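As a starting point, one isolated chain is supplied in structure tokens, in the form predicted alone.
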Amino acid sequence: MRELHTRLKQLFPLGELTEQRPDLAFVTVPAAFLRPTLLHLRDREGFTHLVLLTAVDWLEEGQFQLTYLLTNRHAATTLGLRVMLPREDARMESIHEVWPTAATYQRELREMFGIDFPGSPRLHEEFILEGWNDIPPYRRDFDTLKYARESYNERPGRETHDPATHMKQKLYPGGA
């Protein structure tokens, strides 16, 4: 992976390589260089499979992290490209014409995080959350408990336990 990273750094302004295992590594790519990096990896380095496109909400930093996970099946290696986006009006160029499966991931990220991918097919159609009218639920500022209390009735006989206390009582009933 280090040799690949060295080759890529000669072409694109990449961050440092983070190796998780010998066959899995991650690198940060500026948003403006994502497409050319993806095309180079697909067309010249054998990373022909988009395994996953996902996001992380770094609320405190005011950013989203997109991770594009690519696999080179012949070399049995996986590379994750991380792209940081401002959380405010988050948008990223669509890659659905590079990998058609990306359109599905992009629809999910639009609905669950509110990240826009202009030009991606069917992006604004309801996908998972039919009739949803609140902020995207995977954003960390979405208040799940408040939403549940406002949307669902309490069920009689249902008890809520603090998980740590409950497990101690289950594992050590005598208080040991």
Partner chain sequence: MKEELLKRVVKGPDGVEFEVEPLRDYYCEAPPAVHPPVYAKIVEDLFNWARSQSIWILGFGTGCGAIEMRPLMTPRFDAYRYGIQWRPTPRQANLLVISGYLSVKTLKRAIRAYEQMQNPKYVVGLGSCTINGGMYWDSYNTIKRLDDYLPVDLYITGCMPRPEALLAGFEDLKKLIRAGKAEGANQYAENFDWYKTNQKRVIHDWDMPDYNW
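Here the structure is a predicted model, which means the values were calculated and not measured. Basically, rigid core = biggest C-alpha set you can superpose within 1.5 Å across the two forms. Residue numbers count along the first chain shown, from 1.
There is another form of the same protein, the form predicted together with its partner chain; it is not shown, and what comes next is about it.
- Contact here is defined as any heavy atom lying within 4.5 Å of its partner chain in the predicted complex, and by that definition not a single one of Thr6, Leu11 and Thr18 is a contact residue.
- The shortest heavy atom separation between Leu50 and its partner chain in the predicted complex exceeds 4.5 Å.
- Under a 4.5 angstroms non-hydrogen atom cutoff, its partner chain in the predicted complex has Glu154 among its neighbouring residues.
- Contact annotation: Leu41 falls outside 4.5 Å of its partner chain in the predicted complex, judged by heavy atom distances.
- Taking the partner from the other structure, its partner chain in the predicted complex has no heavy atom within 4.5 Å of any heavy atom of Arg35.
- For its partner chain in the predicted complex, the listed stretch (41 to 49, 116 to 124, 134 to 142, 26 to 34) containing residues with heavy atoms inside 4.5 Å is 134 to 142.
- Of the residues in 92 to 130, those that come within 4.5 Å of its partner chain in the predicted complex through at least one heavy atom are, in sequence order, Met112, Glu126, Phe127, Ile128, Leu129, Glu130.
- For Arg21, the Cα coordinates differ by under 2 angstroms between this form and the one not shown after the core has been superposed.
- Remark: with the core as the superposition reference, the CA shift of Gln10 between this form and the one not shown stays below 2 Å.
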